[in-house]
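In the form predicted on its own, a lone chain appears below as structure tokens.
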């Protein structure tokens, strides 16, 4: 047995105006999980400590919280892997959520974005039209297995810096689940789903890879890339800045081996979008005044053809 001190974020929106912290010491095996340590603290020291949990087996996703600055599942995190040299484990609610009570947060924004996608199959025919279940080729299901492992713990949403600055962004989990139905051969709403997730600011993703830290190894970032590729492939909302920006970046790098900023700005804003170009003109003037304006015509780098080989290998769509 070892004495582990839990440094717990405490707040009750019904009675408190500002949060505070309590340190609670429990005697548990050092290999016990953070969730079990919290259970011991609640049972033996302070019954008012509040947190969500259910399965204790990394299946339900309920116990996601911030542990020593890293968001993850408390039931999957042994204390001896996160406590400091003094045996202290700091526990906080997930970031990007409004605390409700202690480690419990308001999940409404997360679930609202998820339900907007209609996360259920919408086939073109009825179940009654089939004598048996809808069979799917194993090869078609392979690409859905990983994302189907998502337990909706919201870890990726809590870690997403885009959500922290723009709450309108759908978030990694919602986009990953959009992919799950977009690529399901039984579904008949591919175009509608791509349009919906595009409306929910799909193209705001900064590709920072923060959401790649997933307790269930779903890796939502790769699914975000897949959904963007699907949007471009299906020519959905191609007049938006997001897809235009992606295509012009790919085009300039493939042609020259470098990012051609002047071409990217025009391609993203729109070459004939006079109002939009006027709005970005002050930025160009400031760059020019500091000698940072890139050349209008950029020469390709040596062996630029090798860049094209990389693009072909990755099958990156370029207009």
Partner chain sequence: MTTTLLPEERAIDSHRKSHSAQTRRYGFFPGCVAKESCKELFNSTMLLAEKIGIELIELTAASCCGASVVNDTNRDVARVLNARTYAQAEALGLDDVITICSTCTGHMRAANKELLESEERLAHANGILGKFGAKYNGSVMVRHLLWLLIDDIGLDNLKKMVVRPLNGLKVAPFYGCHIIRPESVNGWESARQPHSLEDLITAIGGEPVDYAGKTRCCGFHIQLEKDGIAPAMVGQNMRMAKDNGAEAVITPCPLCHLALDGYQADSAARWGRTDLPTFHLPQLVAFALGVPADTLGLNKHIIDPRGALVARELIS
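Just so we're on the same page, rigid core means the largest C-alpha set that superposes within 1.5 Å between forms. Numbering follows the first chain given and starts at 1. Keep in mind it's a predicted model, so treat the numbers as computed, not measured.
There is also a form predicted together with the partner chain; it is not shown, and the following applies to it.
Novice: On the criterion of a non-hydrogen atom at 4.5 angstroms or closer, are 71, 228 and 247 all touching the partner chain in the model of the complex?
Specialist: Answer is yes for this spot.
Novice: The partner chain isn't shown here, but in the model of the complex which of 49, 40, 60, 265 has a heavy atom within 4.5 Å of it?
Specialist: The option sitting close enough to the partner is 265.
Novice: Find the only residue in 89, 205, 107, 151 having a heavy atom within 4.5 Å of the partner chain in the model of the complex.
Specialist: Only one option qualifies, and that one is 205.
Novice: Taking the partner chain as it sits in the model of the complex, is residue 290 in contact with it (heavy atom to heavy atom, 4.5 Å or less)?
Specialist: Although the partner chain is absent here, residue 290 would touch it in the model of the complex, with heavy atoms inside 4.5 Å.
Novice: Taking heavy atoms only, is residue 283 within 4.5 angstroms of the partner chain in the model of the complex?
Specialist: Answer yes; at least one heavy atom of residue 283 falls within 4.5 Å of the partner chain in the model of the complex.
Novice: Quick one: does residue 99 come within 4.5 Å of the partner chain in the model of the complex, counting heavy atoms only?
Specialist: Looking in the model of the complex, residue contacts with the partner chain do not include residue 99, since no heavy atom lies within 4.5 Å.
Novice: Taking any heavy atom pair closer than or equal to 4.5 Å as contact, tell me whether residue 310 reaches the partner chain in the model of the complex.
Specialist: Residue-level check for residue 310: yes, a contact with the partner chain.
Novice: Heavy atoms within 4.5 Å of the partner chain in the model of the complex: which stretch in 196 to 204, 170 to 178, 107 to 115, 131 to 139 meets that?
Specialist: Looking at the other structure, the answer is 196 to 204.
Novice: Only counting heavy atoms and a 4.5 Å limit, does any residue of 241 to 265 reach the partner chain in the model of the complex, and if so which ones?
Specialist: Stretch hits, in order: 241, 242, 245, 246, 247, 249, 250, 253, 257, 258, 259, 260, 261, 264, 265.
Novice: Could you check, with the core superposed, whether the Cα atom of residue 299 shifts 2 Å or more between the shown form and the other one?
Specialist: It does shift by 2 Å or more.
Novice: Superposing on the rigid core, do we see a C-alpha displacement of 2 Å or more at residue 308 between the shown form and the other one?
Specialist: Yes, the C-alpha position differs by at least 2 Å between the shown form and the other one.
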